[in-house]
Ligand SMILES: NC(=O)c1ccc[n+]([C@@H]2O[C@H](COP(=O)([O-])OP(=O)(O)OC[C@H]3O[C@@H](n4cnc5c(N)ncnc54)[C@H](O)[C@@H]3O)[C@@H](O)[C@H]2O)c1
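So this first bit is one chain, no partners, the form predicted on its own, shown in structure tokens.
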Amino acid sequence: MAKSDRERKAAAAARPELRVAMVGHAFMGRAHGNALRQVNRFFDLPRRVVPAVVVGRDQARADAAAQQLGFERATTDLAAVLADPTIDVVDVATPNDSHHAITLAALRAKKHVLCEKPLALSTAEAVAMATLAKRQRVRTGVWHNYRRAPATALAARLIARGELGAVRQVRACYLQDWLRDPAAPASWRTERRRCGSGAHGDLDAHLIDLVRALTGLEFAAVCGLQQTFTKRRPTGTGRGTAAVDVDDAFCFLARFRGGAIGTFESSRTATGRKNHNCIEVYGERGALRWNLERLNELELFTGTGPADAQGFRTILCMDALHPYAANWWPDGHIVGYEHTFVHHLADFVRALHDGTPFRPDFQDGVAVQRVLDAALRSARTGRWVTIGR
């Protein structure tokens, strides 16, 4: 007999808590905060996720964020939060330059850590974070949420079971246009010391992780090209301009271990493109294509059927047999961007409880950072750069 809503709520309330402190509360904080609130409402999990505290730099703004996002309280005292034995997980949703310091402090306090992407400003920082996490024997995750759209999860499943045959070629692009106007203001995202790189670290990080997740391929060498079209931007305060020392657009070629090749392209000045995150994978027998702007759809070519009726077909990945879809709405009812964060968190909670692997973890974050750094070196030197291990 099916349980009533009241019975399900009572059962969920009886489960042990998993109390989360979220550091940062802007764009990504809103996305993470929504996942923290929604995950137990749609997934049957062994732990009850509790949005416990928001940590910010300004108490008034942190208080407002806590109220809006559904947290119990807010504070500016990170040290006190890390010393609190009731906090189980620290969620780092801050700009890139603070990931390293916040994460190391959380790991020293033996907290599990979820961290925004890219994991760090450099490979050295990322390695230090992964090394300490292993030493402290805590669990980690990087918020590469695009792995967990139903369509991308299905794509990974199809490739893993050999539907495409051996992967030969990958095409990946992530194009936006929010910096196409030279009058668009500077921010931490246009300052190297705070973000590490521009479109490259912001967008290529997603592409690198998603290609690794879908195909299982590992990068062997890269050759990069970057361009900054607007060298100075208004400060946003009405006083003068600020230098832009990161890329507006970045392209790189890739060789993968095993012989496959790839092309990667990212831009924040691609006029007309809002969030065009597109992955194409070509195998010896089939191919597939996914685009975030149509995230519930997967285009698949398998070369089967009558010769005069072959071609790509579109799968709407919203039936109960597709990954994650059964947790939401009836067949064919679509999900959105915010749901991928919920899926990510649900898998992390299960892995934490069961002791099973969770991907992407900090080691995956290191792998992405190695490719990012190698492509940056290549763009500076004009030469192919081998990816270290």
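Computed from a predicted structure; not experimentally measured. Throughout, we count residues from 1 along the sequence that is shown.
Omitted from view is the form predicted together with the named molecule, to which the following refers.
J.: I need the one stretch from 209-217, 117-125, 235-243, 297-305 whose residues put non-hydrogen atoms within 4.5 angstroms of the named molecule in the predicted bound form.
T.: Of the stretches listed, the one contacting the partner is 117-125.
J.: Do Arg189 and the named molecule come within 4.5 Å of each other in the predicted bound form, heavy atoms counted?
T.: Arg189: yes, in contact with the named molecule in the predicted bound form.
J.: Using a 4.5 angstroms cut-off on non-hydrogen atoms, would Thr269 count as touching the named molecule in the predicted bound form?
T.: So Thr269 does not count as contacting the named molecule.
J.: Does any part of Gln226 reach within 4.5 Å of the named molecule in the predicted bound form? Heavy atoms only, please.
T.: Gln226 lies outside the contact set for the named molecule.
J.: Could you confirm whether Trp328 comes within 4.5 Å of the named molecule in the predicted bound form, counting heavy atoms only?
T.: No.
J.: So the named molecule isn't shown here. In the predicted bound form, which residue out of Ala52, Met28, Val349, Ala66 has a non-hydrogen atom within 4.5 Å of it?
T.: The residue from Ala52, Met28, Val349, Ala66 that makes the contact is Met28.
J.: Which residue among Trp143, Trp290, Phe71, Phe252 has a heavy atom within 4.5 angstroms of the named molecule in the predicted bound form?
T.: Among Trp143, Trp290, Phe71, Phe252, a heavy atom within 4.5 Å of the named molecule in the predicted bound form occurs only for Trp143.
J.: Across 93-107, which residues bring a heavy atom to within 4.5 Å of the named molecule in the predicted bound form?
T.: Heavy-atom contacts to the named molecule in the predicted bound form: Ala93, Thr94, Pro95, Asn96, Ser98, His99, Ile102.
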